[in-house]
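In structure tokens, one chain follows: the form predicted on its own.
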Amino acid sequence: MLNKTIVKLAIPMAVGALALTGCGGGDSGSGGDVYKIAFQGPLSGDNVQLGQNMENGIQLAIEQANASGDLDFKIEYVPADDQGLPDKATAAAQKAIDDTDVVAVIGPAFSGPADTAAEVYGAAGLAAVSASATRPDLTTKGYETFLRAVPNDSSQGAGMAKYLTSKLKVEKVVVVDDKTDYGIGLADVAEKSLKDAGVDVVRQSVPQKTPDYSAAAKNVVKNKPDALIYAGYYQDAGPFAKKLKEAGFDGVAMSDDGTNDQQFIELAGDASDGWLLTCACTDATQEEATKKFAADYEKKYKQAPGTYSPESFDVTNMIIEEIKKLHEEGGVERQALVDALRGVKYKGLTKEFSFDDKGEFTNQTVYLYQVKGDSIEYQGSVDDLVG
């Protein structure tokens, strides 16, 4: 995690940027106003696919809005790559802040970078609306412009426990985190929820990029659990799954939205088969409301929407709608857009978006997926599946 000294050094720069301009709306070069929306997330590095899923949804929303004929201004996209790492987050945030036409940021995508950058965005009065950062405490720290447009890990971890206990009737679970902010936070919730349900829980931690997961897999098998929860990302879940299979693990294997990506199957091979994956995201190809979006996405990108693609599409359109309202009133100032988004009630394709007084998302539905062969198949909401 980035230390506080670096964060404090960044804040005066952010304030300076805010003092120079409080609003977007630069000239597009063709006589019209331009407002920019940035995305901060992993656009390179180990978890780039998760960032590209969101970036694609954002860019599709912007492209369609500009082509609709409903706007008398233009929306432009600004990428701010943090590689999903806290120590890259401040520089990525500063890139968005320093562009005075950027009026909102979607992200940061991951919880660690969100915790680092949210204070900087707050000092600049720039909205940071994350469609994927799920660590529960992000909305408890008083970040003035941070909004979470996704259920937090309290819901996801509780959903994992609920499915394993109520549906599968497990009695012993090994919970493994990857020592990241995200993994530890999610594992903490899952562990507590399981224990509250009377389940025997063994907790383990295995750092990201462990060279060989053989020992970790053997430790899991040694405990003879009915199920395993891995709290982390696909880059590590893949090789871990391989070693679990080699070690003879035959229980239920479950992971999270960080693993819910086709890259998990590519890394794990047939060792991924049967894994259960939770996500606060829906499957755009299965839900009736999102099927047109899914078709448009596949036409443009030659692939199906990925994890958080439709949610990022929705968040972008929500921001554009609020920009339109403010533009019609005379201009889009950063702080005015923050205030508008805090009070928003927006019906998206995936869900209705609104926030409480801390910036927490009010809809806490969690969905379940399962790896079957070479695909990840949507099962439905955990509540519906448990019944």
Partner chain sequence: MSLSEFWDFLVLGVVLGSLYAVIAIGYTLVYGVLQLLNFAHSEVFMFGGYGGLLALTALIPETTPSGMNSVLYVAIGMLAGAALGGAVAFGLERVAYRPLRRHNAPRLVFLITAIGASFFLYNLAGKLFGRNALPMPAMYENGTALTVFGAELTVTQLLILVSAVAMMVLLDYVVNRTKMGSGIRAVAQDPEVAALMGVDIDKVVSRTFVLGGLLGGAAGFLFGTNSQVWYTMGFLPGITAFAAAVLGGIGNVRGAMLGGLVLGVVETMTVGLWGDDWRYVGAFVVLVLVLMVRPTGILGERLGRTA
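Positions refer to the first chain, counted from 1. In this text, all values refer to a predicted model and were calculated from it rather than measured experimentally.
The same protein also has a form predicted in complex with its partner chain, omitted here; what follows describes it.
- Listed stretches are 345 to 353, 64 to 72, 326 to 334, 42 to 50; the contact stretch with its partner chain in the predicted bound form is 42 to 50, by a heavy atom cutoff of 4.5 Å.
- Of the residues 267, 294, 276, 271, just one reaches its partner chain in the predicted bound form with a heavy atom at 4.5 Å or closer; this is 267.
- Of the residues 289, 215, 202, 304, just one reaches its partner chain in the predicted bound form with a heavy atom at 4.5 Å or closer; this is 215.
- Taken together, the three residues 162, 166 and 171 lack any non-hydrogen atom within 4.5 angstroms of its partner chain in the predicted bound form.
- Contact annotation: residue 210 falls within 4.5 Å of its partner chain in the predicted bound form, judged by heavy atom distances.
- Contact annotation for residue 222: at least one heavy atom lies within 4.5 Å of its partner chain in the predicted bound form.
- Among residues of the shown chain, residue 263 is one whose heavy atoms approach its partner chain to within 4.5 Å in the predicted bound form.
- Proximity of residue 235 to its partner chain in the predicted bound form falls within the 4.5 Å heavy atom cutoff.
- Residues of 237 to 263 lying near its partner chain in the predicted bound form, listed in sequence order, are 239, 242, 243, 246, 263, the criterion being any heavy atom within 4.5 Å.
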